[in-house]
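Listed next as structure tokens is one chain, alone, in the form predicted on its own.
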Amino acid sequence: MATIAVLGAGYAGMRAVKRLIHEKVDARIVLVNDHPYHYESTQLHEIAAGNKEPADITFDIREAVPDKVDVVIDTVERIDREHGQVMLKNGEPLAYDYLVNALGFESETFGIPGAEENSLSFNNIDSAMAVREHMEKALANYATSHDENDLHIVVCGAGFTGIELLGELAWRMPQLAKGYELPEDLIKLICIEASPKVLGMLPESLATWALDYLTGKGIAMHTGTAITEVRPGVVVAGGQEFHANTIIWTTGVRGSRVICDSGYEQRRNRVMVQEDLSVKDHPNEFLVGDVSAVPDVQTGRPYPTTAQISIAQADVVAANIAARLTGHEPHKFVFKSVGTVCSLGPHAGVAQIDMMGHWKLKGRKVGMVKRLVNDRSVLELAHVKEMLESN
């Protein structure tokens, strides 16, 4: 019996397992993940800001997958592609006949001096909690330090994660100010972004609304300002120095380091895949999510990695493995986005929905749309029980 190894229990990995079961493949399915739980990575910014707890965005993997799936809790160190083995940190090598690599993302510093050492980033539950704890400790410290930099928070990057984090921070900051008896007029939220615009994937009218919303909340938005260095408590950008004792890095992501360590031809740990999402010259290897690069047939550029495209990729990969096992031709991956939702705190946001027409939404109604998107994700990856418990 063939063995299908699925690496990573994020959106793509969990969806791939579910669809492989649906395809009734005659194979052993092994799911490898470094934690016993799945977390909704699109909500990590809410953990970092302190508006949700880890239990709100996680569910147990073993409870969510059928018993016939072998779940291995271990860290993937490297893939021995020549011998078809996954090298694990603590366990014996895992031999595979088919590989679904969905190992996810890491923070990208683009080689900016001091960024890695002097700022905080988050790509999982532990790092998101570390951001929150650092921020709250700095705010609480002001009572004895009287250092205004304890009240300053700089968010580096105004991509989706940075913008959504700023929205959450703006919503929570009055609560923190009251709880720690802080002078609200001295609290500063600062965003630094190299691009002259934010949210470039959304229509300009929605991006402008989001920018106006954040500045209306008192956030200082410095667009067109490239960061050149990060020192302890200082971000150097655009010839200026921005002082803060909490510096959060959200400028971008790259794929898992396992990609580079395993000898793939890659750029920023993302591999350009074939039309069926397999790797060139390795038809039994499929890459999905943040470790893959899928060219848009219209622009020629890779699609941005989102939960939406990751889930769509997983569906096609499962179907293609089932096809190969039964001697049929694989399917080509074709993607059509159903829209984009960007939250600005629990009760506001902007969204473009491309279903049953084209909708541009902004304000409080987007908060409800975001909730529906999150609930649907949990429902598709796990069960109704987990969805209800997350509410």
Ligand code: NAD
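Each residue number is its position in the shown sequence, starting from 1. For clarity, every value in this text was computed on a predicted model and none was experimentally measured.
This next part talks about the form predicted in complex with the ligand, which is not shown.
Looking at 28-36, 57-65, 337-345, 320-328, the stretch with residues near the ligand in the predicted complex, meaning non-hydrogen atoms within 4.5 angstroms, turns out to be 337-345. Relative to the ligand in the predicted complex, residues M201, T250 and P304 are all within 4.5 Å by at least one heavy atom. In the predicted complex, the ligand sits within 4.5 Å of a heavy atom belonging to F160. By the criterion of a heavy atom within 4.5 Å, M87 is excluded from the residues contacting the ligand in the predicted complex.
Taking the partner from elsewhere, A194 is found to have a heavy atom lying within 4.5 Å of the ligand in the predicted complex.
With a 4.5 Å cutoff on heavy atoms, I112 counts as touching the ligand in the predicted complex. Note on the partner interface in the predicted complex: the residue among I227, L287, A128, A314 having a heavy atom within 4.5 angstroms of the ligand is I227.
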